[in-house]
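We begin with a single chain expressed as structure tokens, specifically the form predicted on its own.
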Amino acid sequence: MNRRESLKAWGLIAPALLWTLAFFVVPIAIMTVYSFWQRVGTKTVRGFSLDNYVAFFSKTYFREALFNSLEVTILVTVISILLAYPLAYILAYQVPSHWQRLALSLAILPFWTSYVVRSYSWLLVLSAKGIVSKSLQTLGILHDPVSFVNSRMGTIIGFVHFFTMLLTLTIFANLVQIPRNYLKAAADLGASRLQAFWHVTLPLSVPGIMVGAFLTFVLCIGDYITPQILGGNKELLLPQVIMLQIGRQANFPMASALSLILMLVISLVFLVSARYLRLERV
């Protein structure tokens, strides 16, 4: 590559590099520096200290917030996969091709609504006077009104509603790329439909499942809005604790340390699942 082509190449990638530097690298660097400072009284004391990280491991409520986030995220991911896979399978193999585009449009309807609006909608549906409680009373399952909000269940329901559709899209995109000849070959070799699914379709759709699961994990564990609206403050997740450090105590160093710990957890999950996250296979 000559000098002119090299300059042209750098000119093409410069905007992306500057954007990444300004809005990703620099903020993380600043947050990392802040995480080693301390909040003493009403002042932020500059200077290297590991007290914020020591506080995370020594104070129970910080660790509980992380464990709560992991538990909720894992439950949401598993439930969403179990709901999304049959839906994606039906869309890929049972719905005629000329209807698939319409079916996919209906599947992504939740993405057309504001995230905050969806959360508040579930707040009304799951409240003591909402349709879920009234329906259970009508069926005789419950005698008194029951509220499903301000609890872990409310948070999980709100998350699953959104992430099931996200997983449906990633799994569907993988399923439609599996050659039908593979299934015909399995049938010719004597495999039943269940055996063909178990030994052919499911293994080949694992990359789509893992991509959707990773996206679900990242978006769910870092979400603040849904737990705050549907979960209340009875069982805090780590993003809520981070916001409390900022909003109530103005403790930016501690909030920075907690944010970096959350990023470390996400990075570890990425490293574990990295070999499945090859988008060209999805």
Partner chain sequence: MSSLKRFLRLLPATLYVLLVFAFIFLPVVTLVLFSFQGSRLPIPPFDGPSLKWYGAVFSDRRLMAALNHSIWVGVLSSLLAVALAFLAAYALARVKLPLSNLWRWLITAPLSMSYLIIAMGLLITFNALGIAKSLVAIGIGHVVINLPLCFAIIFSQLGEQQARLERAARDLGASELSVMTLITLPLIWPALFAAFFLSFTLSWDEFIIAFLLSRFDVTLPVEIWSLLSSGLNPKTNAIGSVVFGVSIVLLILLETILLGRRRRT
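Residue numbers count along the first chain shown, from 1. If you're wondering where the values come from, they're calculated on a predicted model, not measured in any experiment.
The following text describes the form predicted in complex with its partner chain, which does not appear among the structures shown.
None of 204, 173, 165, 191 but one reaches within 4.5 angstroms of its partner chain in the predicted complex through a heavy atom, and that residue is 165. Contact with its partner chain in the predicted complex holds for none of 62, 75 and 272, as no heavy atom of theirs lies within 4.5 Å.
Its partner chain is not shown here, but in the predicted complex it comes within 4.5 Å of a heavy atom of residue 160. Proximity of residue 229 to its partner chain in the predicted complex: non-hydrogen atoms within 4.5 Å are present.
Interface residue remark: residue 183 is not counted as part of the site for its partner chain in the predicted complex, having no heavy atom within 4.5 Å. Using a 4.5 Å cutoff between non-hydrogen atoms, residue 199 does not count as a contact of its partner chain in the predicted complex.
Here the chain stands by itself, but in the predicted complex one stretch of 84 to 92, 67 to 75, 139 to 147, 173 to 181, 84 to 92, has heavy atoms within 4.5 Å of its partner chain. Residues of 10 to 26 that come within 4.5 Å of its partner chain in the predicted complex, judged by any heavy atom, are 10, 12, 13, 15, 16, 17, 19, 20, 21, 23, 24, 25 in sequence order.
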